[in-house]
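Only one chain is given next, in structure tokens, and it is the form predicted alone.
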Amino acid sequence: MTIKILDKKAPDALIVPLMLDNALPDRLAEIAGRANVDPGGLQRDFLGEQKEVFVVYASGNPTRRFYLLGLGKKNDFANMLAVTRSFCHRYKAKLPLKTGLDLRHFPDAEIARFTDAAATGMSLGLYKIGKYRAEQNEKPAPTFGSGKSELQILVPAAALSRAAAAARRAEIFAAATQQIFDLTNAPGNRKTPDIMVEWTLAAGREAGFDVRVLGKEDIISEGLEALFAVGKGSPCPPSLLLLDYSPKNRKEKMPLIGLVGKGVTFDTGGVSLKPSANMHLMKSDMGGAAAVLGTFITAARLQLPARLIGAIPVAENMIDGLAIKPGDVIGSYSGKTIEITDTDAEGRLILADALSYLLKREKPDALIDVATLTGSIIRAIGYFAAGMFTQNDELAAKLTRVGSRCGERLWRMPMWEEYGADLKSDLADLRNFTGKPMAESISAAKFIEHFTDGHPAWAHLDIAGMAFGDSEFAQGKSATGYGIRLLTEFVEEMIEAPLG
């Protein structure tokens, strides 16, 4: 599908997103006039509620039709993206080869942002989750979404250039997000550490960022003992992926941003075995790595004027005779020793080594780690935001603002010293799990903080409730792509306004 930006000559099939506000009756009267239908009936039948769809067929022209798409009362980026994505997924088989989307009735200041949202939503609505089906759907392929189809977005003439740039941006975000959907949705046997390494190398070559791989022997010789301990129970050895992006032909000083993502390709819990009921969802325990990878792909394709460095520890938390046991004491790259009180608290272990390794080589202006780390954060704030842990008020404000703007919200959690008291061990420098049924997401963040070398602008994002969720694409939970927009737009914020 290609996306074109126009200011007139709408195709016969036109999607019109409409707010539920005081202007709705006038909008409906105008559409009724264009379709030559009764405006009174239209205003009775279409209320503008979120995701509501009403099809208006023009009188005397059977191919001319308007898809009225309700936005509800939310006038923001995330709502436009969600509503258009849902609409495209439901109606793509019914849309013609050339379909329009009319944004001309929105304020000029919102056109570029809404173009980005709508183009992203329509593109993502074409996603298909059944990659591993032996028998593909026998229904004819929809005309809309095929290689020759067009989405024609109509905007005011004065906004053509801004909207065109926004549409190009949307295509980059949507393509990267679909790649991450496929990666995250892949089952554990199709996403072993070795496979994830090869996937990342290929993504780096395609998008334009460097990838260096530390394999099993490197991990042992470098002293990444915590990462090795988590992965040694699997027949697929762990790896550490080191990512580096900088734009072409840029010589001036740029912000340096470090991103670290938890890459547990499947998490059984190890000897501290998880309950079986939802263990199949643990293929998504690399959601933090997915967010970081999606950000690198997007930043490289956008050629953002910033340097990104990344570390992704990749491991499979499995059980065999070599697996770590509760009560074991292990080392770490930082030199600190760790008592293992729960082998299912493995994410913080591999993040500890990745953070220490990255910080020994670089001093980024901001450092963010992202992980599907604890069920505790879901119990605390549910499925509507990720938990943010940082001591830096300016960094917290910037991340919160970006998250609210793009719809990938964050809620700041406390990081008081008292929460770290329960990490004391009788045998080692730290223990990895408190064993208490409260505030575990905070304790996990306090554990990770020990391995940040006192970095003044570090944040930990616990995205356990956000990386895998309900969607149009699946009967159960599936990948959300959470974190790609958040981190990419955070990088753009750092370019425009670095931390003080």
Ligand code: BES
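One rule holds for the numbers: they count along the sequence shown, beginning at 1. Owing to the predicted nature of the structure, the values given are computational and were not obtained by experimental measurement.
The protein also exists as the form predicted in complex with the ligand; that form is not presented, and the subsequent description refers to it.
Engineer: Select, from the options 338-346, 297-305, 90-98, 390-398, the stretch whose residues sit within 4.5 angstroms of the ligand in the predicted complex by heavy atom distance.
Structural biologist: Heavy-atom contact with the partner occurs in 338-346.
Engineer: From the list E316, D285, E408, D353, which entry has a heavy atom within 4.5 Å of the ligand in the predicted complex?
Structural biologist: Exactly one residue meets the criterion: D285.
Engineer: Tell me, which of A464, I442, L461, L28 has a heavy atom within 4.5 angstroms of the ligand in the predicted complex?
Structural biologist: Comparing distances to the ligand in the predicted complex, the residue within 4.5 Å is A464.
Engineer: Check K274, L373 and I378: does every one of them have a heavy atom within 4.5 Å of the ligand in the predicted complex?
Structural biologist: Yes: K274, L373 and I378 each sit within 4.5 Å of the ligand in the predicted complex.
Engineer: May I ask you to check whether F433 falls inside a 4.5 Å heavy atom distance of the ligand in the predicted complex?
Structural biologist: Yes, F433 is a contact residue.
Engineer: In the predicted complex, does D116 come within 4.5 Å of the ligand, counting heavy atoms only?
Structural biologist: No - in the predicted complex, heavy atoms of D116 and the ligand never come within 4.5 Å of each other.
Engineer: Go through 250-274 residue by residue and record those having a heavy atom within 4.5 Å of the ligand in the predicted complex; state none if no residue qualifies.
Structural biologist: K262, D267, K274 sit within 4.5 Å of the partner.
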